[in-house]
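What follows is a single chain, given as structure tokens, in the form predicted on its own.
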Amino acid sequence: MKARRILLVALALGMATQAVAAEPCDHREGFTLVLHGGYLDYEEEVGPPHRALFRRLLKAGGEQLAKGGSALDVVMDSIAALEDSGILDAGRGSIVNTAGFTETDASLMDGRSGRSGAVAAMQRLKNPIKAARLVMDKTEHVLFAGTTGEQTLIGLGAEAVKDPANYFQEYVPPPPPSADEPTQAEHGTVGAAALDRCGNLAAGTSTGGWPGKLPGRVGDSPIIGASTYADHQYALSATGVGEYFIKRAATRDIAMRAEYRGTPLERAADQVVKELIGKQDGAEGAIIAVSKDGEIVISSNGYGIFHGWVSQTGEIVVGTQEP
């Protein structure tokens, strides 16, 4: 009898999983993909290779969404490509900590189901964002951290690099125009937020952290509701001094202000990023956001955030300051 009950439960779970995976939708014309490449202290941090990379990925992501691709898949694929580029502070181009080695963080969230996955302080994973997807799809947990968490994920299929010291080569942006200008924030954390033609939203973030971080430090990028958040109405990804985005539960706060208070999304983002984190905390940061209606919001409390977007119009926009 016990074995029969277990079988029935397993069958029920399998049927539920299939139902979610196969759920039909009325395909809409509209879709949106927004990418970011980190908070900026000055324009010169972004060069032609960065802009060309964003245009290529926005074109590919837009085509995938136009064909009915899922927001979750497009977010993961876009961030994985940014990690592989080596010209941003994520994946291959991640910074090194004060002990001289790389520790990466990433998170991913599906707005329709609320499913989430995250990794922190990974030292050998080629694509932290893909490992976050494994956490989401193959475990009942949300966050795996450190060397033991990393080993578990490698066992589940995450790709590890053979020689981390040679693979990870810290991307160093050009120096600021003035030596007196501070560069304390993250330089090149990456993220994505997307709305697909089924009306589903997803978001993700990936980083190597910020210069001068101590070994074992974990910022906001792997924390759901701090850097990455998505639900049935909004998808957001953040970048900046992560400690303050954690304390403020920044991306979830923005979404809740918009949903519960009826605050316009742009105003909600500015309240958290500019007024709370920027003015009250004195910390640098920025966010990208997409609504269920395809509204795009970019908010930064400093010079800007490297970003780009594409929608059903096919027009690709890449910029460094708020629209």
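Throughout, we count residues from 1 along the sequence that is shown. Bear in mind the structure is a predicted one, so any value in this text is a computation, not a measurement.
The protein also exists as the form predicted in complex with a small molecule; that form is not presented, and the subsequent description refers to it.
Among heavy atoms of Ala145, none comes within 4.5 Å of the small molecule in the model of the complex. Taking the partner from the other structure, the small molecule in the model of the complex has no heavy atom within 4.5 Å of any heavy atom of Thr228.
The shortest heavy atom separation between Gly93 and the small molecule in the model of the complex exceeds 4.5 Å. Heavy atoms of Asp196 never reach within 4.5 Å of the small molecule in the model of the complex, leaving it off the interface. Looking at 248-256, 106-114, 67-75, 213-221, the stretch with residues near the small molecule in the model of the complex, meaning non-hydrogen atoms within 4.5 angstroms, turns out to be 213-221.
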